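There is one chain below, alone, in structure tokens, taken in the form predicted on its own.
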Amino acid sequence: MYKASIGITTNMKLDATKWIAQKSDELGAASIWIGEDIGIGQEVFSLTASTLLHSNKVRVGTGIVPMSVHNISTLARAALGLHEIARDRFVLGIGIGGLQDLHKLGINLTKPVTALREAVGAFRKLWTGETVTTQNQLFELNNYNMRNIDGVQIPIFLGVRGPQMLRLSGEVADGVILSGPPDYLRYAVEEIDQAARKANRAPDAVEKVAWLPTIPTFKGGKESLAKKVVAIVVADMPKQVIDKLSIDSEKINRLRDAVAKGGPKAGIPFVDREMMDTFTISGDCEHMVDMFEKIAQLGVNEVVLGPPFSGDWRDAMTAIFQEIMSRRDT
């Protein structure tokens, strides 16, 4: 049985993220994943600490923090502090960052897989008290030691997309946060499992979390928002992901061209039901839970609900979790 979780971002209001943290156990959520919108809204580690403190049982993870905009020693110390707040409930989710964000920041990485691999290794060494010296395109450490640390194990999840990154996750990560259409998710799970086996790891040792944009279109939720999100997602999607899809490439190209010329709103007329079901989980309560179940059948352990949220999203979220739980009881 798949686990159902909640996704929030730093760009959400404090009263909304606080409500989710306080209600998470009552709803039956397994985790709360916190995505960082670079330079927008709440500070990601403050929000993570608040979420841990306002919840009791739920796992809380960053999903993700882009390595490209943070100092690695700061990330290591922040993760250790969050682990101290809630011991077994914190997960560090890291990645490189979205294509659009990196482009805006003028960041061009030629060896992102190597950098992320070295980051995972550096974190694990630092948390066990080792002194680390390493340098790559993303960070540099020179005889750095965190001091006064007894040695801890903090789960590391990677937010990745491309084939090399997926294989890296299978080799070294505790889990992976995936985003993309079902055709791609099926491929991604296979790549991760195969890489895990080659690294003499059990495929089940790598948790697979699927986080797609989820937009309820009941309880006042707007279908136009779902279509706008599809436009944004398609515009930012790497070619290697699009190449895995069975959807008509001409439809994708028309949408991408419209967004390039006029922004996400210009892409709305090009989004149909097939595209909405391909790139988001949206619709009424029953349809959304049907989609969760289909995604779980691809080999995913956990499916994330939200964001974005619109309308009476609190009631919609409650209804969706109630539907999930009622199906488990039958």
Partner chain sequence: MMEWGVAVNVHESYQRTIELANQVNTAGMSYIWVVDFPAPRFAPAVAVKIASMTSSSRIGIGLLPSLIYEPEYVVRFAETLTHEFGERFDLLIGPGDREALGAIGKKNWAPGKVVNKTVDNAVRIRHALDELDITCPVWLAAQGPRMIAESKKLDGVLLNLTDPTMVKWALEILHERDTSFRVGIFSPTKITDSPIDPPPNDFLYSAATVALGASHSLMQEFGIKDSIQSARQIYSNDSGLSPNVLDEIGLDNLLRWGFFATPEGLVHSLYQLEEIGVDTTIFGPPISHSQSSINLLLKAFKNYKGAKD
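Positions refer to the first chain, counted from 1. Since this is a predicted model, take the numbers as computed values, not measurements.
Heads up, the form predicted together with its partner chain isn't pictured, but that's what we're talking about next.
Listed residues I252, L141, V120, V233 were compared with its partner chain in the predicted complex; L141 is the one with a heavy atom within 4.5 Å. Only one of the listed residues (D257, E84, D204, E130) places a non-hydrogen atom within 4.5 angstroms of its partner chain in the predicted complex, and that residue is E84. Its partner chain in the predicted complex is approached by A49, whose closest heavy atom lies within 4.5 angstroms of it.
Interface residue remark: D37 is counted as part of the site for its partner chain in the predicted complex, having a heavy atom within 4.5 Å.
Residue contact with its partner chain in the predicted complex: K18 places a heavy atom within 4.5 Å of it. In the predicted complex, S24 stays away from its partner chain, with no heavy atom inside 4.5 Å. Looking at its partner chain in the predicted complex, residues V172, D193 and I247 place no heavy atom within 4.5 Å of it.
Per the 4.5 Å heavy atom criterion, its partner chain in the predicted complex is contacted by stretch 73 to 81, the sole one of 73 to 81, 180 to 188, 221 to 229, 155 to 163.
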